[in-house]
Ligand code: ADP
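Take a look at this single chain in structure tokens; it is the form predicted alone.
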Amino acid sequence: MINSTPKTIFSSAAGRVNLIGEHTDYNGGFVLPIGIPQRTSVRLTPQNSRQVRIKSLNMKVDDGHFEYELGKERATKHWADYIQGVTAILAKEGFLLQGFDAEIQSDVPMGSGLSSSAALEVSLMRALREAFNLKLDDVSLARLGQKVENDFVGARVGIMDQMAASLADQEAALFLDTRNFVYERVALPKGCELLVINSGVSHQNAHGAPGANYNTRRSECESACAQLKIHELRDLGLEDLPKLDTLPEVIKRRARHVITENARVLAAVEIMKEAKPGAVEKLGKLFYESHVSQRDDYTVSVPEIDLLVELAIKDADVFGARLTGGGFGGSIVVLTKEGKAEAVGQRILQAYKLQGNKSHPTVLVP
């Protein structure tokens, strides 16, 4: 018999914005996310049955309810796959569950590149951990969350989002080595703050236009590794860039992004730790270099994102800006002068509107 807690459990997990280190996590590299105020919350009540009933307060009534039986999880390309995936993966890993009712509410926008799915997975597993006394530490939660995406949902994402949802906070960035799960918290330099703008162009990791998703990019990176006879792109540094000349042009550009992005993460962390004069300006320059690499070498940006970034870097109160998250839509992160983020955000939105674009960006942070 499962030893469950009969009372209702409340849990939550935050979304994240990745400061720098995009598409490096599934290549064994380095990332630097930080938590954001927006969170996903779960209200869970164990039931003496095998039935799972879930309700999303963010969805329309017809799409906001889903019910299934434990052991009979089936991927349906419905938002509830993230719930089904959690219970299926936990069972596969040997954890015993019983049925439950769960009510979900989130202010992490879906498809915004701010890790809404990882926040859902981690918040649900936190509730299940408490309800059914599961022996899971925070890193294990993250690793299981990644399995949900990879093995059930079908998105071959790396570990960053789940690690950020499980371990990051708003006080400091989480510098993570995704090869060995070693992490430390690193504070932003003084004199700056973060601004996040959702472009209004939604992305989807597992599915989308041919070639425009995580799975394609990951396959391209694996192709580079196979041709270079290495385990992961993490195994190469800037000194190895000439080796890429043997690769087909598209594969070469994908590999170049990952290698240079890893170097940018390490440089950003060093700048933040040293906190010398001019640190914020140097960090902002790395932000923009990262965006250019994502736009030109990894080709995961879209015109709306590029415009927002270009408008941001023209602002006198901005040090740097870049696409954040998986790309093909989503959000940008902007490094602004301290106390200026809100005003900068409104100026960017106004300038964007004057361009006559159809999407409707919104300021999420601050």
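The model shown is predicted, which means the values in this text are computed figures rather than measured ones. So that there is no doubt, residue numbering starts at 1 and follows the sequence shown.
One more form of this protein, predicted together with the ligand, exists but is not displayed; see below.
Student: If we take heavy atoms and a 4.5 Å cut-off, which stretch out of 181-189, 284-292, 93-101, 110-118 is in contact with the ligand in the model of the complex?
Tutor: Stretch with heavy atoms near the partner: 110-118.
Student: Is N58 one of the residues lying within 4.5 Å of the ligand in the model of the complex, judged by heavy atom distances?
Tutor: Yes, N58 sits close enough to the ligand in the model of the complex that at least one of its heavy atoms falls within 4.5 Å.
Student: Report yes if any heavy atom of F152 sits within 4.5 Å of a heavy atom of the ligand in the model of the complex; otherwise report no.
Tutor: F152: no contact with the ligand in the model of the complex.
Student: Check whether S106 has any heavy atom within 4.5 Å of a heavy atom of the ligand in the model of the complex, and answer yes or no.
Tutor: The answer is yes: S106 has a heavy atom within 4.5 Å of the ligand.
Student: Do H203 and the ligand come within 4.5 Å of each other in the model of the complex, heavy atoms counted?
Tutor: Contact check for H203: yes, within 4.5 Å of the ligand in the model of the complex.
Student: For the stretch 263-288, return the residues whose heavy atoms include at least one within 4.5 Å of the ligand in the model of the complex, in the order they occur.
Tutor: The stretch does not touch the partner at all.
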